[in-house]
Structure formats: structure tokens, C-alpha cells
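In the form predicted alone, a lone chain appears below as C-alpha cells.
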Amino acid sequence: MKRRNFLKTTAAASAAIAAPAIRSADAQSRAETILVVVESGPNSMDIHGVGTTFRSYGACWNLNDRLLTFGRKTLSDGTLSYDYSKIEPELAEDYNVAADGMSVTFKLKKKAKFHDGTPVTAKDVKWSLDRAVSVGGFPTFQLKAGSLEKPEQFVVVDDHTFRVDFLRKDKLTLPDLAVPVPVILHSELYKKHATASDPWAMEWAKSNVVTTGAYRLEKWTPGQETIFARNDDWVGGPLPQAKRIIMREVPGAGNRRALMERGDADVSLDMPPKDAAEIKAGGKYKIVGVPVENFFRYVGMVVTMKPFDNPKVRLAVAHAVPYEQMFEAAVYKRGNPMWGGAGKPTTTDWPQPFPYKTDLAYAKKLLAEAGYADGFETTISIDMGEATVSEPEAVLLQQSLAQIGIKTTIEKIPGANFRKAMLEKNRPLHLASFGGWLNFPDYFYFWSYHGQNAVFNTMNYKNPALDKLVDEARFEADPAKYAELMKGFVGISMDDVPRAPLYQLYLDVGMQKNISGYTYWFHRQLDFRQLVKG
């Protein structure tokens, strides 16, 4: 209650502070500017950078082009969504897969230019993809998920013809060229800022981006706002309607809500579930909510740290989670429950509920069997970049664990640092989320359960049997065999309990009624190119 009252009392003051900066858009034609409010903004302009946050993905998506992109479709409720089944050219004019299925050749758009007017060539494409597979960390792992692993795979045929040679036939290769990572950069300019110790100009690229996208970076003030200006020379698709996008960082859900209700902001991205639930029922602006595919929020446990190296302790925690309370109090039921499922997976639906439920008596029994009858002390780590959800979740989890003897303190990690903290894989108990960009369950597990350096395996979990099934599923073309493999690796993760899934959240976006064209994308960021202001 104190926190809610605080938000109410500070909303007006904060809105008053934010409004002048927002209304400055009037001088540059407010009708052609879309003002987006967010909790936190990008921390880097380099999609390949170490620790680049999810909000940077949105910036990079709009600032850069890739060879390929996805088409769009209309969902049953009329909402527009990307279409995973339609792969279309973006920077490429067209593409052709070889008859033997072991390479793909791209013809580049000859009028494509970088933001400084320099023509794009196949040499830029090669350098950019070489960079992505060589810098390590997230970008290299992402492309490896589609069997894009070696610079030798990327071949310049001529100035406007480029070929990718396949290491193996992989269903994920072409889709992986359409995710945010394989961006095409101005290679000669980046090389000028490279050094012997930084051959890919990673340091310079944190705050500089010269590429081909529909928008160019006009101004970036970290912690405050990012301004994107339309690139009128863009050839990657139809020219966007909005000439300028201002992404304003407005901490506090109440502050963002006040700005939307006053009409000072056009779009509120990643709305807190409470606001979305209330405004959906009759607010001044509209809410679009889509279940995030291939995604769930979870309680993670680092299995290499005591006492979570004991599977009975992990199972005890999974049965001490107050699922229903967290679902109601933290996300106002804006999602699909991922608890209370059958003991083993019975379908290939994904995501699907896991076989845990709140049962404190059973949880205490398991702790005693594990040798922790008197409980233990640990830490719950949360992301303050999503505090409106993570704080109530953490408090409810803390209270429930205390009832079985587990005493916890809550570590509040700033949003800009949370991903880096999770990649360290040393937060014994944590609340986090993961969503796989490419919509296959084996892809989800490859990223977040696989023991061979899976980047988002925040639990540091390793099980060779699970890894083997995931690896086989990646290349299995027979639907029946794939289903058997999928049920196998999901079943193992249910038994081993490295994490307890909570819910599949909705991505809720608030928009003024004169905004149209919003499209749900797998990366959960705004595609500015498709927004229209009436």
C-alpha cells in the first residue's frame, strides 16, 4: 500500500518534469513524432556487445538491417504479428537456396546505402557476419543455434552477391539470419575504430552505429531518452510514416500511466500487468496484449551451489512457490499459468504447465529428507528494471519460503546490470524470464537448459541425457520422432527441477487510439517502421 500511494503522489510531479521534454516534439511536428515511454532504455548501440540489454535489441532492430526478415499475419483477435512461416528479403533483393540444400545466395539491393551515404557491398555483409560469429558470448551463440559458426561460411561472390555455405542442413539457419543479431554494419568505418586489442571496434560501437536501417540514431542520452530519425534513403521496405521516434525513460509505472492518460505520450511499452488489466476494462487508451511465445517466467536455482545441488531441495522450493498468489498479485492474471501440470509431458504444446503446485507440507518433508529440516538462508535476486512485477513476486516468495524454514534476503539488481548478473550464474535463487526467438521448444532448451555453455542457462544446469535429446531434436524432420524427443527433454527438466516455471506472460502495449500498425514481434520490442499515427 505504501508503494502504491507513493506512485500516486509522485506521478503528477514526475509527469510535470517529463512533459516539457516530450512536448518539445511540437517544434518538430508532433504529428510526425511518436513518443514512447519505457521503464528503462538501451545500454548499448551494439547488438554484439557484452551485456547488451533487451531494450538495446529494440534500438538495434530499428537502426539496422539484416539480409532477411519475417512477414506478418493477423491473429484471431485482429492483432498484427510477425509470421514465422514467411521469410522475406530485407537488405537482400532476393535469395536462392542451392539445389543440394547446402548454401544460400543473396542478391543485395544495389541502392542500399549506409547512413553516411556509403554504398553497401557484399564485403560489408561478410565482415559483419564474421564479427557476429567471432566476438563470442551471446551473438556468437545465437548464430551457432542456426549452424552459422565460421567466417569461412560467408563468401563474397561479387560486390552485390553474397553466399552462405551451410555446415549441415538445419531448419534454423534461414530464420536465424532474420533475428536482431546478424546486422549489416559499415565495415570500413568500424575498422577505423578498431585496435590491436579490440579488432572488432566493440568499445567504439557501444555508443556509435552507422548502418543501413529505417532509422538512424539522432541522439542518445543514457538513462533519459533515445531519439531516432527516419532514414529517408532506406530501401529495406516501405518508408515508415513516423519521421521521429522519441523513446523516453520514465521510471515508475504510475508516472508512465499519467503521461499516457494526459495524452503526452503515444505508446507505453511493456505495461505493468496491473495497469493493463485496469485500462483494458475501460481506459482512455487501448491495450494490446499477446502471450509471449516460447517464453515463461521462472524461479531459477543454481544447481552447482549448495544447497541447490540437492534435487530434493529444488523440488521443495518448487512446491513452496505461492503460484496463484504471485499470478494474481504480481501480474493480475495477465498470462497463462505454468504450474499444476501432469507428471510428464503428454502433448507437444509449448510452453506447457510443469507438475509443481503449492504444497508446503510436502515441501517441508522434502527439505527434511534432504538434510535441511531446520531450513537454510539464501538470497533471491531480482531485476529492478521490471520492479512492478519482480518486487511483489519476491516478497510473496520470501514469505512462503519462510514457512518451510528458508530465510531469504532480496537482492535488487538494477535493470541495466541484471542480464550480466544472470550470465555469471552465481545467484543461488533468482526470478527471471526467458523467451526463445525461434519458435521451437528445442531452441528454447538449447538456449536455457543445454549444459554446453547455454547463455541463458542461469541455473548452471548440466544433464548430458537432456543435451543429447535437444541436439537430436534440432535436426529431426519427422514430426512423430520430434514429438518423442521433445517430450523426453521436457520430462527430464521436470524431474531435475533446475527451475520452477511461473507463467507465460502477456506482452502488453498501451497506445493512444490514433496509433495503429502495432505488430507483435518475437523479440518483444517495438518495430517503429510499422507504426502509424492518425
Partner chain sequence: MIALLRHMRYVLSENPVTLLAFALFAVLVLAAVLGPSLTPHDPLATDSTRALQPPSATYWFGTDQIGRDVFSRVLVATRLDLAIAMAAVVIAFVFGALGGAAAGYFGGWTERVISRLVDTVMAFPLFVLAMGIVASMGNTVGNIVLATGIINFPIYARVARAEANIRRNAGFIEAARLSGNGEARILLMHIVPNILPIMAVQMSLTMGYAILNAAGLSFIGLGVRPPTPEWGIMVAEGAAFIVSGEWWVALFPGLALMLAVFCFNLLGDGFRDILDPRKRT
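Here, rigid core means the biggest group of C-alpha atoms that superpose within 1.5 Å across both forms. For clarity, every value in this text was computed on a predicted model and none was experimentally measured. Positions refer to the first chain, counted from 1.
Keep in mind that the form predicted in complex with its partner chain is not shown, yet the notes after this line are about it.
Contact with its partner chain in the predicted bound form, defined as a heavy atom within 4.5 Å, holds for exactly one of Lys280, Lys274, Lys243, Arg163, namely Lys274. Scanning Thr118, Thr347, Gln399, Thr195 against its partner chain in the predicted bound form with a 4.5 Å heavy atom cut-off leaves one residue, Gln399.
Of the candidate stretches 320-328, 301-309, 179-187, 72-80, only 320-328 has residues with heavy atoms within 4.5 Å of its partner chain in the predicted bound form.
Using a 4.5 angstroms limit between non-hydrogen atoms, Arg257 touches its partner chain in the predicted bound form.
Using a 4.5 angstroms limit between non-hydrogen atoms, Arg168 is distant from its partner chain in the predicted bound form.
Although the partner is absent from this view, Lys412 contacts its partner chain in the predicted bound form, with a non-hydrogen atom inside 4.5 angstroms.
Contact between Tyr95 and its partner chain in the predicted bound form is not found at the 4.5 Å heavy atom cutoff.
Residues are counted as partner-facing when one of their heavy atoms sits within 4.5 Å of its partner chain in the predicted bound form; in 378-407 these are Met384, Thr388, Glu391, Pro392, Val395, Leu396, Gln398, Gln399, in sequence order. A movement of the C-alpha atom of Asn439 falling short of 2 angstroms is seen between the shown form and the other one when the two forms are aligned on their rigid core. Once both forms are overlaid on the rigid core, the distance between the two CA positions of Leu172 between the shown form and the other one is under 2 angstroms.
Comparing the forms between the shown form and the other one, the C-alpha position of Trp127 differs by less than 2 angstroms, with the core used for superposition.
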